[in-house]
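The chain that follows stands alone, in the form predicted alone, written as structure tokens.
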């Protein structure tokens, strides 16, 4: 029987069963034991770890072992620049910043302007490059250490990336790419090669330092297929397999699938105005009843509510306050309109500050850019 959800690096639809994805992708659940090991070095745990938003991993115990032996890992993540950054994109980047604060890691951020050009028929390379530089401002605005953090575009850092990517490509067969991604013979050859480019930064830290350095990749679970291939190639090339820490995907405001820049109203952009935010959140899907009277009598369902999930994922870090919101919804003592107004206030407070830092990032952008 076919699954009622789809998760690939380019498409996420339906109500995702994250436990099924662990089985399907062959990853491991982030257990209390793993969290305790992380907390030993980084305390208190980040709210997205504590609440199971980062819920799946590959080789986290090994990466902590390496750190404890003095072979501290570097962090790598990235972004496919097809449009403005939205709040869901920020989640792994925020965790990367938290990791850097505690572990003092080097951080490499890949902007895959080539990927979005290859996979999106209507996008030009000039457009994806423009979006890449715009998205880079959101990285810098989160407060990464410029001495430890490096941002690059694939098409501009290609002199350093291509020798790694071509070595990875030599270890990947078309049958593997076809099996992992479901490609067919109508795909352009660039898209078939592309996964080698996304794998390359997992080994970039080792190449630049001239020694084998562990790599940790925090990313959405939808990106795991690329790195399964990277991990297979790593052993054949003599590099450490990159470890991964996967986050669940911030749900769409419409209540189905993930937040997407390409679906109007489903996502909140980091450049949205207060008026934009009000309009989008006021139209968000909730777990409320059809009338105020029914809501007061029967209560709402926060488990399916997009507004509550924003609280859960990012915007109410205090566990007691979150539980209070949950109980108030269940009991019918709070209405959806009040919850929406509260979320509007929280999101705009966050984004107003972020946008100010984003503007300042324009002056220091070049400090972060990794050049050939």
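Residue numbers count along the first chain shown, from 1. In this text the structure is predicted, and so the values were computed from the model without any measurement.
Below: the form predicted in complex with tryptophan (TRP), not depicted.
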The single option of 112, 149, 267, 85 touching tryptophan (TRP) in the predicted complex, heavy atom within 4.5 Å:
112
Which of 161, 243, 219, 168 has a heavy atom within 4.5 Å of tryptophan (TRP) in the predicted complex?
219
Evaluate residue 116 for contact with tryptophan (TRP) in the predicted complex, applying a 4.5 angstroms cut-off between non-hydrogen atoms, and reply yes or no.
yes
Considering only heavy atoms, tell me if residue 248 and tryptophan (TRP) come within 4.5 Å of each other in the predicted complex.
no
Residue 80, heavy atom within 4.5 angstroms of tryptophan (TRP) in the predicted complex:
yes
Is residue 223 part of the interface with tryptophan (TRP) in the predicted complex - any heavy atom within 4.5 Å?
yes
On the criterion of a non-hydrogen atom at 4.5 angstroms or closer, are 76, 194 and 198 all touching tryptophan (TRP) in the predicted complex?
yes
Stretch from 211-219, 295-303, 137-145, 172-180 whose residues place a heavy atom within 4.5 Å of tryptophan (TRP) in the predicted complex:
211-219
Taking heavy atoms and a 4.5 Å limit, what residues of 122-136 are near tryptophan (TRP) in the predicted complex?
none
